[in-house]
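What follows is a single chain, given as structure tokens, in the form predicted alone.
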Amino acid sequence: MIRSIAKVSALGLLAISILGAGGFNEQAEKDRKALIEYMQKKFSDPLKNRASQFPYSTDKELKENIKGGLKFEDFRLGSYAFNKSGKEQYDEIAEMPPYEDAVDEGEELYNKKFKNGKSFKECFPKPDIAGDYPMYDAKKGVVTLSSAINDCLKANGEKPWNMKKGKMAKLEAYFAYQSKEAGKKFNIKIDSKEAQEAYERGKKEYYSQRGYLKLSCASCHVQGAGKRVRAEYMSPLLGQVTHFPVYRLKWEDLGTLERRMVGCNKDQGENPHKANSKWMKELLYFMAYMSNGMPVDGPDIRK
């Protein structure tokens, strides 16, 4: 549990309870602030923290390739926040990002008329909405941006899209780009008892061991953040959702957060959960809340 990672001051808790919508997000705020404190401390001085945090890294690696002194917003870059050589490669690719055409195609999809003469504009009057999802709906439960897009399609007599790639990823790329240009930040709300319970279920799944490898998401992205798996560094939970959809070099294509999580399920040795399942939506609800206050930084590039 995140609550065991670090303690939040009494003054901070008081402010949280005052600002929280009916106090329903109080525990979530404790979790988020504890995660920020943990990650900032972990990467404050990687060489100094080697014994407790980076036991398999060499002194040379920690001195030359792992950046220290990271602060809150730095983590929006994922592993590139601390991986110096990886960041150099990332910057080179970002000079001519391979997702630019997808953003333009996403804008066309946003404006394209449905058969009934309406468009996505009726469902999403403003396109700078990437940081508002997932959100909790009293009737539907957790609604991700992907499921909201499909709900809009179905409400207008259209067939739903694949939630992992294709048109879905392109429209989300447009929403993310518009959100980034507008300077929007993640603003996930927990404003009811039911929303609070959905968040807690998502958190439980993030920290639960699964599959024949008996790994949890946290094994890699909380305790394992900054450690290497072969040649790649594991990214931190903090900031993990901010850059989606992403163009992965492995995919040679743009993909949604659901696509990435299905892949993570497989990597854990587990039969993957469906992109539109309640399990997936609640997991993403928890993950997105952990990045509250961070700038929307998508679409982006990852390996």
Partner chain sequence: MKIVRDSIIAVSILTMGAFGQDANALMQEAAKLDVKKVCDVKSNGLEKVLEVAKKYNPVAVEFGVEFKRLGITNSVYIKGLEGAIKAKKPEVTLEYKSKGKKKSKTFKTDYATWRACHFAVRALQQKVEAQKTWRLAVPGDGFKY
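Numbering follows the first chain given and starts at 1. Note that the coordinates shown come from a computational prediction; the quantities given were computed from them, not determined experimentally.
Not pictured, yet referred to below: the form predicted together with its partner chain.
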Single option in Ser192, Gln89, Asn162, Gln223 placed near its partner chain in the model of the complex, where near means a heavy atom within 4.5 Å | Gln223
Heavy atom within 4.5 Å of its partner chain in the model of the complex: which of Glu270, Asp253, Glu61, Glu26?
-> Glu270
Triple contact flag Ser146, Cys152 and Lys170 to its partner chain in the model of the complex, non-hydrogen atom at 4.5 angstroms = no
If you check in the model of the complex, is Arg228 within 4.5 Å of its partner chain, heavy atoms only?
-> no
Contact of Leu35 with its partner chain in the model of the complex (heavy atom, 4.5 Å) | yes
Is Lys67 a contact residue for its partner chain in the model of the complex, using a 4.5 Å heavy atom cut-off?
-> no
Any of the heavy atoms of Ser235 lying within 4.5 Å of its partner chain in the model of the complex?
-> no
Candidate stretches 135-143, 184-192, 118-126, 215-223 - the one whose heavy atoms come within 4.5 Å of its partner chain in the model of the complex | 215-223
